[in-house]
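Shown next as structure tokens: one chain only, the form predicted on its own.
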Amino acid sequence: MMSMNEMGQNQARKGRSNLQALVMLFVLIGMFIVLSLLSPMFSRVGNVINIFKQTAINGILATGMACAILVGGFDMSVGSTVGLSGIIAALMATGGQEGLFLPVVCSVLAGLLVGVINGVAVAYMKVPAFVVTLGTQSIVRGLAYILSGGRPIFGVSESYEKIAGGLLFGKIPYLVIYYIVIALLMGFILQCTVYGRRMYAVGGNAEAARVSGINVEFIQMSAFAICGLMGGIAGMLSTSRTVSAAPLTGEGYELDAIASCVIGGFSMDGGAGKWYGMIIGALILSVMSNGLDILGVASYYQRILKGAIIIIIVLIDVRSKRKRT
């Protein structure tokens, strides 16, 4: 059982994550206002829709990454998973093949398999998440190169293209709808189910959760499985959106997914973070990237900024933890 001190620390950590998510919401609103004043193009309806489209892929990855972070880990292989699942989908959706079942199911299952492998190694074999996922990152990227022959794949079927390229009522991109549905479903799982509460318990104190009768290893493994699953879905949708696939697709996406969660209030120690925080974090990154592109700021400066944001927020989290203990 948790001691009173541990319970107090967990409550303080959850309260801090909620406060951070609220602060980031105001930051998001402030960024939107400032960028709109700097460039009228930013606030146009077409650009706002484009921001949500840009958010969708990273947002879907962030929903999976949030699960891994909640149980006290993270997944460095999701970017490579996006590349592999996209290659698999493209190979099965080219050559005049109009069926959707095989490219969709096989690409998503490929992502799930990568996640399960990561989860088994972390939960049952007790290998550090960083080591495991860094290794699978390289392996999965290599598989993407082998399957594609090191070349981009073009010419997916028209029906496959419409999966993410279509519009609802001629205005709302399907890609945005998928993201909203996945984010809301994940929010329901985390906040309203026993499974979600167990994820928080395992991340907060794994030993106390074990004593309480929770199958800690299964929860940890399933969290990484969900992360891989979201990588598979993101890869499949990315291929449909761009009507092509390349072995390099998804490179660096893991950084954006982790950043979305950390910015949104998820603690790298695990056990703290609200589902809406990952949405706010993903939107902040997309608004920042889109606004800086419009203002003519080079992309490599944006990478520096995102990395610095992650370091600063984690440092704040670590310092606040030290003060509590």
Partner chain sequence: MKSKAKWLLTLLLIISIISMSVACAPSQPASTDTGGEKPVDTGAPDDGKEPVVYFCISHMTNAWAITASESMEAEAKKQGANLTVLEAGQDINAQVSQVEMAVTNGADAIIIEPVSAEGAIAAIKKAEQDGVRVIVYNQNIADPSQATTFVGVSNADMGYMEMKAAIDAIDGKGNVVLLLGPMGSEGQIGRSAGYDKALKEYPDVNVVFQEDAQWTTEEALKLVENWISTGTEINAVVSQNDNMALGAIKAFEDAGIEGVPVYGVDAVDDALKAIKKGRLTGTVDQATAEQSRLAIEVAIKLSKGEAVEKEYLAEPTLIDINNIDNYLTE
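Residue numbers count along the first chain shown, from 1. Quick caveat: nothing in here was measured; it's all calculated off a predicted structure.
Note that the form predicted in complex with the partner chain isn't included here; everything after this is about it.
Chemist: Looking at the partner-bound form in the model of the complex, is Ala183 within 4.5 Å of the partner chain by any heavy atom?
Modeler: Contact check for Ala183: no, nothing within 4.5 Å of the partner chain in the model of the complex.
Chemist: Verify the contact flag for Leu134: yes if a non-hydrogen atom of it lies within 4.5 Å of a non-hydrogen atom of the partner chain in the model of the complex, no if not.
Modeler: Flag for Leu134 set to no.
Chemist: Mark Arg198 yes when one of its heavy atoms lies within 4.5 Å of a heavy atom of the partner chain in the model of the complex, and no otherwise.
Modeler: Heavy-atom contact with the partner chain at 4.5 Å: absent for Arg198.
Chemist: So, Tyr253 and the partner chain: in the model of the complex, are they within 4.5 Å at any heavy atom pair?
Modeler: Contact check for Tyr253: yes, within 4.5 Å of the partner chain in the model of the complex.
Chemist: Let me know the one among Ala208, Val243, Leu100, Val176 whose heavy atoms come within 4.5 Å of the partner chain in the model of the complex, would you?
Modeler: Contact residue from the list: Val243.
Chemist: Within 4.5 Å, heavy atoms only, which of Leu229, Ala129, Ile117, Ile163 is in contact with the partner chain in the model of the complex?
Modeler: That would be Ile117.
Chemist: Choose one stretch from 59-67, 270-278, 291-299, 27-35: the one whose residues place a heavy atom within 4.5 angstroms of the partner chain in the model of the complex.
Modeler: The contacting stretch is 291-299.
Chemist: Leu91, Gly149 and Thr249 - do all three of these have some heavy atom no more than 4.5 Å from the partner chain in the model of the complex?
Modeler: Every listed residue reaches the partner chain in the model of the complex, so yes.
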